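Have a look below at one chain only, the form predicted on its own, in structure tokens format.
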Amino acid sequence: MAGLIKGPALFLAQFAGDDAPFNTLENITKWAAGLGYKGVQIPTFDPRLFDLDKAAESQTYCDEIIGICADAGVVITELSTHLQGQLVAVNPAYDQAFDAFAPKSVHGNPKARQEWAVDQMLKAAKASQRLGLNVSVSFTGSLIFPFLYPWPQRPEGLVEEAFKELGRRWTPILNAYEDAGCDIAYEIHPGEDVFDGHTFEMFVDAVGGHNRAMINYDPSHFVLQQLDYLAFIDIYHDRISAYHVKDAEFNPTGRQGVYSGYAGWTDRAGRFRSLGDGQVDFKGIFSKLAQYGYDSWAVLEWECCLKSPEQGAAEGAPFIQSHIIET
């Protein structure tokens, strides 16, 4: 009997490059299929792999993309708009850093950068519809993450107003995704205003309980926050429509704990690892998702601080396959 969960699949963003086989969609999908992946999550922000402008306008182009993947032996799981979604809402403290995610034509112009990001999100809705996809993955962006820790004391009403503004920015986008028959599964991630369950609830309230505001579940970010990622599934399973299979570990010392981000990747208390090398209880996660009837994709996102991407990708497909439960 087949498992509900589809997989294994691979998020291509961390592997795309200028050298073969990582330089074109045709090459990278054949490489992924050769490792045992059945699906690929495509970053819409990497022109080496995908042309979002063309995909939003041309069914012929989308059919070609579907064909390239089919010829390689994989299907498209979701389109990723993480970088564009991030730019829908940017605190001025991050203007310079996040300009790198946008075209040079809007650098130094936060208003133009945000308008570009919203346009990109709307194009991704159309592209998802043309590709026959019902889920996409993204970020909410951040208006107040610099105020994460309550010191200095936050001005009264700041958090509430920030989430109201997030709601004002995202509701029209979510409406466009509703028209396209597609979810936005937001990756709940430190650096975003939506970084845990509490803030996700605030966001859903801000967008009027929108049924397209969903979750891209990624336990690695919860390990680094010391959040109970299995109980999270119990609480929010109805809103989980995408899944990044990503490992992490948290090793506090007498010198550093959760806030160890100034240290280098290999020296942090919290760091990302290749599948099976960290502390995430994937048997527990796959069991919970199967229990609640999750029937979308299990997608490897690889960002290990030690292992090479090639080794991580090669080991990832059989790891995911071995955890999919035949219900």
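Just so we're clear, the structure is a prediction, and the values are computed from it rather than from any experiment. Residue positions are given as counts along the sequence shown, with the first one as 1.
Just so it is clear, the following notes concern the form predicted in complex with a further copy of the same chain, a form of the same protein that is not shown.
Residues within 4.5 angstroms of a further copy of the same chain in the predicted complex, judged by any non-hydrogen atom, belong to 196-204 and to none of the other stretches in 196-204, 72-80, 128-136, 174-182.
Taken together, Arg154, His189 and Glu326 are fully in contact with a further copy of the same chain in the predicted complex: each brings a heavy atom within 4.5 Å.
Only one of the listed residues (Val118, Leu224, Ala89, Ala102) places a non-hydrogen atom within 4.5 angstroms of a further copy of the same chain in the predicted complex, and that residue is Leu224.
Residue contact with a further copy of the same chain in the predicted complex: Ser287 places a heavy atom within 4.5 Å of it. Looking at Leu122, you'd find every heavy atom of it more than 4.5 angstroms from a further copy of the same chain in the predicted complex. In the predicted complex, at least one heavy atom of Ala231 sits within 4.5 Å of a further copy of the same chain. Among heavy atoms of Phe50, none comes within 4.5 Å of a further copy of the same chain in the predicted complex.
Of all the residues from 82-120, those having a non-hydrogen atom no more than 4.5 Å from a further copy of the same chain in the predicted complex are Leu83, Gln86, Ala93, Tyr94, Ala97, Phe98, Phe101.
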